[in-house]
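Okay, here we've got a single chain as structure tokens, the form predicted alone, with questions on binding and movement later.
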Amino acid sequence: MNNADLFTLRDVSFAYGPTPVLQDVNLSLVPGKFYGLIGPNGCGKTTFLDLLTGCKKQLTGTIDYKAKELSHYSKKSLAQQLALVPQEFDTGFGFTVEEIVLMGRHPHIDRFSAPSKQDWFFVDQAMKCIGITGLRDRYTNSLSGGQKQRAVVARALAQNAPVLLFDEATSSLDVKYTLQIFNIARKLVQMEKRTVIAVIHNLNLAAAYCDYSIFMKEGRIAQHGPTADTMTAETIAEVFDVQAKVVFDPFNQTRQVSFQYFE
């Protein structure tokens, strides 16, 4: 392990009962990168994130965060370090958008204490960044699915953690707001040296935004490395069993993927 590593996974496996989900995962992640977790449904991507956040415990192997075993961190200290945007978040019926975003500050607020000026600063900045300031007093049961998801993303931004984990964070968003979220994430990586680890199904988004891609198949890491090296037709065929072509798109100034629609 390198002392500069953010996460180090050694021989990690996980299973639900007798069903293996992750097997023999060995990987090191460094700070200040945009990582893409890519693979078919059911290959273990969400479980991988759950292990990184400490929500689940691996069956074998070790996971270190900043050179210290993940299990040695308290839940509060991990919540100050890692902000997760899940696939689904039960916003309930009794919360406003402002209250949802304020939840991102809870790891930083002492028990029985009121939010500080700094806490409200991060809440206001997060809502402004996502463009939902006008929704702050709306109850979540009056929002669309996309509006709710944007509030959950703002909650993670308000947490102001050095690591952001996205589990299909933009799956319910239209093109405009998907690009907004990914642009914000990329700026945080480039300008503030934060780390983003994102489960992404859209290969073109992964090609455009991710510095480093981790391709998973059947609970194992099939390929990993800089996206420019790993986002290839051969890797896509190996992982997804589909024919694809990867070319440079001058309009986007990045590689993009097209698929063979007919057998």
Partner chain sequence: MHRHSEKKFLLLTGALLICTVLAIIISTAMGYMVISPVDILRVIGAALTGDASLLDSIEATVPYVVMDVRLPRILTAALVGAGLALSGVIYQGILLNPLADPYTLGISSGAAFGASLALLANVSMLGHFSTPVFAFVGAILTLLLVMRLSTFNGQISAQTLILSGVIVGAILSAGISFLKYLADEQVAIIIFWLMGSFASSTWNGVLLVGASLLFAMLVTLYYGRDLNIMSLGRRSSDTLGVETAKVRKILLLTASLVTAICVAVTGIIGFIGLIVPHLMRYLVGPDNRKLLPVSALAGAILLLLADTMTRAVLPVEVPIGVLTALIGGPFFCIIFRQKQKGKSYE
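Positions refer to the first chain, counted from 1. Values in this document were obtained by computation on a predicted structure and should not be read as measured data.
A second form of this protein, the form predicted in complex with the partner chain, is not displayed here; the remarks below concern that form.
This chain is displayed without the partner chain, yet in the model of the complex the stretch 99-107 from 143-151, 174-182, 99-107, 187-195 comes within 4.5 Å of it by heavy atoms. For the three residues T46, D50 and Q159, a heavy atom within 4.5 Å of the partner chain turns up in the model of the complex in every case. Interface residue remark: L59 is not counted as part of the site for the partner chain in the model of the complex, having no heavy atom within 4.5 Å. In the model of the complex, the partner chain sits beyond 4.5 Å of every heavy atom of Q118. With a 4.5 Å cutoff on heavy atoms, C129 does not count as touching the partner chain in the model of the complex; it lies far away. By the criterion of a heavy atom within 4.5 Å, A79 is counted among the residues contacting the partner chain in the model of the complex. Only one of C55, V30, A237, A222 lies close to the partner chain in the model of the complex, with a heavy atom inside 4.5 Å, and it is C55.
Taking the partner chain as positioned in the model of the complex, the residues of 110-127 that bring a heavy atom within 4.5 Å of it are, in sequence order, D110, R111, F112, S113, W120, D124.
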